[in-house]
Structures are given as structure tokens and as C-alpha cells.
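Given as C-alpha cells, the chain that follows is alone and in the form predicted on its own.
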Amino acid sequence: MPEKLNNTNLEKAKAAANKNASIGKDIELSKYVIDSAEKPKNIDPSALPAEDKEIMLSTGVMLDDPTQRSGTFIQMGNTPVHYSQKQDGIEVMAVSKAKEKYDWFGDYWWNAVSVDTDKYTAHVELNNADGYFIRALPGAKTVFPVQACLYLNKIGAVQDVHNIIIAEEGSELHIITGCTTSLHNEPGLHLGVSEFYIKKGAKVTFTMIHNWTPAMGVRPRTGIIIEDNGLLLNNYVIMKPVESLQQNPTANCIGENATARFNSILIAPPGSNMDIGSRVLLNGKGARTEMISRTITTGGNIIARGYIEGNAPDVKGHLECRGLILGDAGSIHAIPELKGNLAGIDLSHEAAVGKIAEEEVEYLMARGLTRDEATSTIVRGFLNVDIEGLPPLLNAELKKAIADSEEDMF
């Protein structure tokens, strides 16, 4: 990466080091330590301790069967400990390695996300964060997903991550990322920057499953740039407690007929505070977006945001947010926003927050279900967890996680 560009990023980061986020609760970074401990490199994923593999599996990352993935990336703390690829045309490596390998890498570094967005992005840059570099070469299509796990395993530490994803022209890339921790009720902080570049006619299916703990702070910052006829399918799932989570990824549909779809499944147990949304800028003629979120609180607090902005002819966008409140505590605050800047656009939204209708429960009970069974059936249908593109084994694991969460709810 050119030295001048690198210095410019550092100066911007230094200037933004104390800049709080525009939305979301502020987190005091000085309370956390930098995990600089040396970790083994190029480990065999299948040789990891059984407990670690079980935790990673809960986020959809399957490490025992290499035939089910096109590539693998594992980062523990701030150190990539394994990366490999199994398919021609698919590249998986640490960002630090990609910087050394490609002269053009600087064209993608802090281009979809601004380094001075807030103090969290600044922290990632100032601490020389590593992360994954995943790239599909022109025309390449993943047979199985690339699986990546970002794993925090040091009490009181901050994990800094910076990821780059590139789908070259005409390619298809399927990625499953699991973000999790081996901590139980000890504090930790995850700061993750992810930049997506989806070229002409390319398709990216990105499924992120978060499995945190009640004392974690989480601040992802994501930007996506989509060119002509490019497609993003973004799936996000969190079903476990987290003390403070705030993310609001932005997709910039700059190309003609570019499309971005966001699907979110959020369950907030007691003690959880989630501020989650998505933003789409429809800047190319005929660009499209759809945002669908399903939220449930069993005692936690959820802010569900959605923002669509139409800036080009013939664009179309729809936002749907539905929430269920189970129990006597917790809150869901839906904030749908639409902004149109010219004639000929089509933007719409639906938002609804409430409880399970008693007549639905009674209908199922009349057919032999107990009240809890009836409620669980309604919740399962409400979540509608059939996520496009998941291979059967991972889809089964996701459904199992939903079932486990239902047991916690009831």
C-alpha cells in the first residue's frame, strides 16, 4: 500500500480517535487492553480444542469437515491463526498478507468505510488491525461457502478486525462468518470493519451469525459498494445475550440495476441492548433493495433501524420490520426511514410491534398443543429462518440454534 495513502489514513484516524459514534451508546475504549499475545500460526482447524470448535459451530462455522467449505479463515484475538482455500479462483488470506501481495490493495483500503467515521474505526486503524481478505476471481463461483471465524478469547481485551471482500466481475461468493467468544460473563470488546466490493454482474451471499455473552461490547462498521447488476444478499442472526451491540451497515448501489437485500433475525434476552439497522443508497438507475427484520424481545431492548434513499431514476426499495414482545419487560423501537430525492422512485415501508395474538394461541391449543408449544410454533413461523443459500448441514445447525433459543425463551 502506498506510504502516502497509509500516512493519510493514520492522520485521519488520529484526528478521529475521540470522535463518538453518531448513533448508539458510547463505549470507553480505555477500559480494554490490546491483545498482543503471540499465537500459533497455520494451525489445523480440526485440531482445535473441542470446546472451541463447539463454540464456533454455534455460529455456523464447521471445522471438522473440510469438504463443506471453499476456504477457511480463523482469527483469535488480533491474530489470524489459519487461512486456506480449497477451490481454484477463490482467495482466502490475512489482510496483512494481501497488503504484501498486491500493489493495488490500497485502492480498497478504507474506501467503502471512512477511517474517521468514529473512534471505533480510528482504533482499528491505529492498532494496525488484521482480518480476512476474501476474493473471487472473475467468473469464479464458490461450490461451498467460505467460512470465517472471529474469536475473542482474552478477558478484558479488544479485538480489532479489518476485512476486505472482493467479488470480481461475474463471480459468485458465499461467505459464512461466525463472530463469538470463549468468555462467559467476563468483559470484552469487538471492533470490526468490513468493506465489500461487488463488481459488475457479481453476487455475494454473506451470512453473519453472532454468538456473544452478557458482558460483551460489539461495534461492527460495514460498507458495501455494488456495481452494475451486482447483488448482495446479507443475512444477520443473533439469538444470544449481548450487553451492547450497535451496527448499521451501508450499501451504496452505484451501478445500474444493483441490488442489496438485508435479512435480520434478532432475539434480545434480558440484559441485551441491540441497536441494529441497515442503510441503502440507491444511486444507480434501476437499483433495488429489500430490508426485512424479525425481532423478538424476552426482556432486552432492541432498536431496529432501516434507511433507504433514492437518488436515481426507476429505483425501488421496501423496508419491513416486525417485532414481538414476549413477557412483561423489554422494548422494541422500530425506526424506518425513507428519503426520495427525485420523481419516479418507489420506496415503501411496513413496521409492526406487538404481542402474540391470543386467538392464534387458542386456535393451536384447540388442536392439542400446550400453551408453550403453541407459542413456540408461532415464534418459529414468525422468525422464518430459511436463509437463502445455506448448505443443508449449516441450515440444520441454524435451526438447532433457533430451537435452543426457544428453550431459553420459554
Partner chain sequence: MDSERVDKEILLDIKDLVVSVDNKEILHNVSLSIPAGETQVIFGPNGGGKTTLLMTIMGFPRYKVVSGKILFKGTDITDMPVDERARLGIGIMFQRPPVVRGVKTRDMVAACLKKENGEELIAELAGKANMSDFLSRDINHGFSGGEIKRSELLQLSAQSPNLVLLDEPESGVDLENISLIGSLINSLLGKVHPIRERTNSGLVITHTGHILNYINARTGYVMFEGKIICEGEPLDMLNTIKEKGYRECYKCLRN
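Numbering follows the first chain given and starts at 1. If you're wondering where the values come from, they're calculated on a predicted model, not measured in any experiment.
Keep in mind that the form predicted together with its partner chain is missing from the display, and what follows is about it.
Trainee: Between the options S46, N341, T370, S30, which residue brings a heavy atom to within 4.5 Å of its partner chain in the predicted complex?
Mentor: Comparing distances to its partner chain in the predicted complex, the residue within 4.5 Å is T370.
Trainee: Go through M62, L364, I55, I345 and name the one with a heavy atom inside 4.5 Å of its partner chain in the predicted complex.
Mentor: None of the other options qualify; the answer is L364.
Trainee: Can you pick the stretch from 372 to 380, 64 to 72, 47 to 55, 34 to 42 whose heavy atoms fall within 4.5 Å of its partner chain in the predicted complex?
Mentor: Heavy atoms within 4.5 Å of its partner chain in the predicted complex occur in 372 to 380.
Trainee: Contact between K316 and its partner chain in the predicted complex at 4.5 Å, heavy atoms?
Mentor: The answer is no: K316 has no heavy atom within 4.5 Å of its partner chain.
Trainee: Is E360 near its partner chain? Define near as a heavy atom within 4.5 Å, in the predicted complex.
Mentor: Contact check for E360: yes, within 4.5 Å of its partner chain in the predicted complex.
Trainee: Do R322 and its partner chain share at least one heavy atom pair within 4.5 Å in the predicted complex?
Mentor: Residue-level check for R322: yes, a contact with its partner chain.
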